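Given next, in structure tokens, is a single chain: the form predicted on its own.
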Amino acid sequence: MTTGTLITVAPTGAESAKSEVPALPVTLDELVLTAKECEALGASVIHVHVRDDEARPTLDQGRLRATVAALRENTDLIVQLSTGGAVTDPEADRLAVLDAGPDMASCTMGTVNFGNDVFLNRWEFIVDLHTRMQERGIVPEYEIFDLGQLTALQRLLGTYGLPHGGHVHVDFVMGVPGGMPGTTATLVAARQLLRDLPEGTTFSATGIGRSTIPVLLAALSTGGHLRVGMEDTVTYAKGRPVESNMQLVARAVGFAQLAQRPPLNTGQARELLGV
């Protein structure tokens, strides 16, 4: 499906500090308000990280469950929880994210240098995430930080079968220091490698920081979908901080409409992803 555009908003992440980015939504009320605003503009999926009372990243089970419940009560968005958490989170806590019962969850397909840190994703952990989601009826989004991780995904699906719902959807996370660059050439190369995955596989693309616009344009022009939000960039333009997630979603919607691929509504998004 390339006649419409799936728009995912990633409003918070685990990297930026509230003290440095005051507009970052970190409380449940702030997150719900952001979700409602972005849904009204055209987002159909929300990729969620949560924070504690001091605005620090957390995988607290109570907060995760409350967040899923509040988003379902107040929006029709597809709720996708991050199983990546922060780079310091232990595997057991990341697996337990699934206990909160989201519609979707991320599944990162390999270890990658992440700035000065290491985002560790062992093969056994990836298999555990994939098979638990199959059992629980949770749809994965396979996050790809480097091209070799597409080969790992091919191996995973060939060995352990298709995800719940039968549809394979990946997100190219581009521009992370240590991962693949956020360039048009890289996205085209990644797009070509999707030929080795099951027929009908779809992709979104995320440009981190200054790669946001090049990746957004390249994704639209190659039949892909979009993920935007303050998890991925806190600068709207050079010297201009992002004011809200709405601002980033509105820009993505505008580009999608110019490409004559308007945003998918939540019903269409659920049909596409097999949620």
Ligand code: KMH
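Values in this document were obtained by computation on a predicted structure and should not be read as measured data. For every residue, the number given is its place in the sequence shown, counted from 1.
There is also a form predicted in complex with the named molecule; it is not shown, and the following applies to it.
Please identify the residue among P102, G84, G175, P163 with any heavy atom within 4.5 Å of the named molecule in the model of the complex. Flagged contact: G84.
Whether T111, W123 and H169 all lie within 4.5 angstroms of the named molecule in the model of the complex by heavy atom: No, none of T111, W123 and H169 comes within 4.5 Å of the named molecule in the model of the complex.
Using a 4.5 Å heavy atom cut-off, indicate which stretch of 69-77, 195-203, 177-185, 139-147 touches the named molecule in the model of the complex. The contacting stretch here is 139-147.
Even though the named molecule is not shown here, does A23 get within 4.5 Å of it in the model of the complex, heavy atoms only? Residue-level check for A23: no, no contact with the named molecule.
Could you tell me if H49 has a non-hydrogen atom within 4.5 Å of the named molecule in the model of the complex? Looking in the model of the complex, residue contacts with the named molecule include H49, since a heavy atom lies within 4.5 Å.
Proximity of E231 to the named molecule in the model of the complex, heavy atoms at 4.5 Å: The answer is yes: E231 has a heavy atom within 4.5 Å of the named molecule.
Can you work out whether V253 and the named molecule are in contact in the model of the complex, taking contact to mean some heavy atom pair no more than 4.5 Å apart? The answer is no: V253 has no heavy atom within 4.5 Å of the named molecule.
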